[in-house]
Ligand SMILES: C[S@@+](CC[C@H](N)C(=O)[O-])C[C@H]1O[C@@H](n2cnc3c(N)ncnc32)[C@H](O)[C@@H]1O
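Okay, here we've got a single chain as structure tokens, the form predicted on its own, with questions on binding and movement later.
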Amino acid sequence: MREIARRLLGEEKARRVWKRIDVVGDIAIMKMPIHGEISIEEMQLLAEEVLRALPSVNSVWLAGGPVEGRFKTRKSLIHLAGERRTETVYREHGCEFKVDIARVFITPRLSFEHLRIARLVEPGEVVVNMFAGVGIFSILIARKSRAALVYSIDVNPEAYRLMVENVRINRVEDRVIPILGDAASVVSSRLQGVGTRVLMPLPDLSLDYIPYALRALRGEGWIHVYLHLSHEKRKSHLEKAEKLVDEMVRKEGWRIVESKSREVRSVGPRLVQVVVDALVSR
């Protein structure tokens, strides 16, 4: 992107352009330039060049604002070039997923994390995915591990609809159970004490939902808590993440047997997504 911007807009403006774009299926998503000093018309010029440079891309959109709202969707998408559509088929690790970038959250930058978690799951495990989206974590766990069952929960009706379809497409109906609803209510009403592992891949809510994640476990098991934190030198933000999770777990009368943390991805200037993998016991 920087090379394209340098050629079309000059060095000064190129420095303000985000150097990477997300490609989801055949749709490219560009981010609003730093400080917003590039016009929409100039972004359209860049988008047209992206279409020429990436033959597999047929549609280019600008993410004009952050992911927000109850369903964590991109509210400010602006069409820049190519086909005016937001639905596509996204492929990852041998699986196919129908997605809609305007109605559900999706980023290819979680690809490594999806597979990492799937490879941690041991034979016979029962997994509870509290914020499943279109089902990528859940379906990859079913396809890449010998998990007995994956309860796949999401509150967004559109994400749930696509998740049901993706479960069918990837032929994991026997092991992935899609559930529409708020994870706290679903766990409290029907999934207490069922799981050996709980995923919490929604940083805005994960800490608040730890009590429900613990209720979903049988008495000991793994929780994977995703957080957004300011990046700090010497990895102190990772230590902070582990401390935050430990405090919430202890507050519920549980304890952490072992834990580790890692950076997942950058989400903004000096802001990173981290995950804490914690084995907890009552």
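Source: prediction; values computed, not measured. Just count from 1 along the sequence shown to find any residue number.
One more form of this protein should be noted, the form predicted together with the named molecule, which is absent from this view; the next part is about it.
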inquiry  = Can you tell me if residue 209 lies within 4.5 angstroms of the named molecule in the predicted complex, counting non-hydrogen atoms only?
reply    = yes
Contact flag, residue 137 vs the named molecule in the predicted complex, heavy atom cut 4.5 Å = yes
ask   = Going by a heavy atom distance of 4.5 Å, is residue 128 a contact of the named molecule in the predicted complex?
value = no
request  = Find out whether any non-hydrogen atom of residue 100 is located within 4.5 angstroms of the named molecule in the predicted complex, and reply yes or no.
outcome  = no
request  = Given that the partner is absent here, state which listed stretch (116 to 124, 142 to 150, 81 to 89, 179 to 187) has heavy atoms within 4.5 Å of the named molecule in the predicted complex.
outcome  = 179 to 187
query = If you check in the predicted complex, do 132, 156 and 201 all have a non-hydrogen atom within 4.5 Å of the named molecule?
reply = yes
request  = Using heavy atoms only and a 4.5 Å cut-off, determine which of 169, 77, 205, 191 is in contact with the named molecule in the predicted complex.
outcome  = 205
